[in-house]
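There is one chain below, alone, in structure tokens, taken in the form predicted alone.
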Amino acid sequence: MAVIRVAINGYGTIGKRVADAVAAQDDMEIVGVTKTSPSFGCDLAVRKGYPLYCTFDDSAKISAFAAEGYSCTGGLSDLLSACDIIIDCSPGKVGADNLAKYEAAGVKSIFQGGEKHSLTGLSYTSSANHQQNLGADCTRVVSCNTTGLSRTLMPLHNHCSEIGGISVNCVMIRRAADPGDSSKGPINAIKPVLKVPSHHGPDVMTVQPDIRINSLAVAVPTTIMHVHAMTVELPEGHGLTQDSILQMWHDSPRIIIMNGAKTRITTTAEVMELARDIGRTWGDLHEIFVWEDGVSLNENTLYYFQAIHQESDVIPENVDAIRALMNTEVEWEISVAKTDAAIAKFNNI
């Protein structure tokens, strides 16, 4: 089987992580990453051995890299001619312009959750709709919050889908900004998202429309994680217990369950300290963290809390999405196992 040639357009918070996850796979290779201009991120790409391209085809902008001592292989068009698929990690709402370029070059593309579902008409999470994405020309990996919701809700949905399904209400307690972002807030406030429902719940329905879900969101002065406060209504006759739900999640990939009282991991700060302690690159946590002692089943109503590392939970999903679009792995569970084993090896875990 030929190795899939992968390009990354936008080598920032998500792009640099996706690049490393792709480079760790034995069926993929990074053929280049883009930066808009010479910057610190170029140093990281050079150290990693990733060919550096300019986001633009402007010769003056390309020459600016050389003037700062970086070897720039070319512009975006040159990169598109060298890849089979491109992962768009561009900042801002530039997806429509970029998609037109990718389509003109005949290159498959994957966008991130900052773009709207309408851009691609198809969205992706590994556990929800891998097969619907097989062979597609483009898709969108949903946001960090939607990915986190999908991870824990899909096992419940699969169990209950034939006896009435599940109905979900959730409150998204969102970090105000990423750790490296100094331009956002709030700094000393709690900021409710006054659009109800927030976009997170409806976004889940782009990957699994049979989940009935509504969401509220607030932003709080922290940078390290999101927390979801979940309420799930299960159908009559669901046959689940609190222990069987915990076991269901335990048996599902990319979910970590820990007892806060026993481990003394009771806050998001301690969750991220755990990620650093186990040696994850950048202290990332790709898994969704569920507090065991925060799970409660009261007849048909399930309550739980989960924590989402917004910089990294979507990273392995991008790798699985590559296999879906390139039609190299039909079963999502097999792709997930491959992806996670390679990333673990990369992290020396």
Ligand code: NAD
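The first residue of the sequence shown is number 1, and the count goes up from there. Just so it is clear, the model here is predicted, and its values are computed rather than measured.
Not on display, but discussed next: the form predicted in complex with this ligand.
- Residues G164, Q208 and G237 are none of them found to lie within 4.5 Å of this ligand in the predicted complex, as judged by heavy atom distances.
- None of 82-90, 200-208, 262-270, 130-138 except one has non-hydrogen atoms within 4.5 angstroms of this ligand in the predicted complex; the exception is 82-90.
- Checking I110, C170, M225, C144 against this ligand in the predicted complex, a heavy atom within 4.5 Å turns up for just one residue: C144.
- V94 is the sole member of M248, M258, A105, V94 with a non-hydrogen atom within 4.5 Å of this ligand in the predicted complex.
- Put simply, H117 is far from this ligand in the predicted complex: not one heavy atom of it is within 4.5 Å.
- Contact annotation: E311 falls within 4.5 Å of this ligand in the predicted complex, judged by heavy atom distances.
- Interface residue remark: T339 is not counted as part of the site for this ligand in the predicted complex, having no heavy atom within 4.5 Å.
- Remark: N300 does not count among the residues lining this ligand in the predicted complex, judged by a heavy atom distance of 4.5 Å or less.
- Along 174-197, a non-hydrogen atom within 4.5 Å of this ligand in the predicted complex is carried by R175, D178, in order along the sequence.
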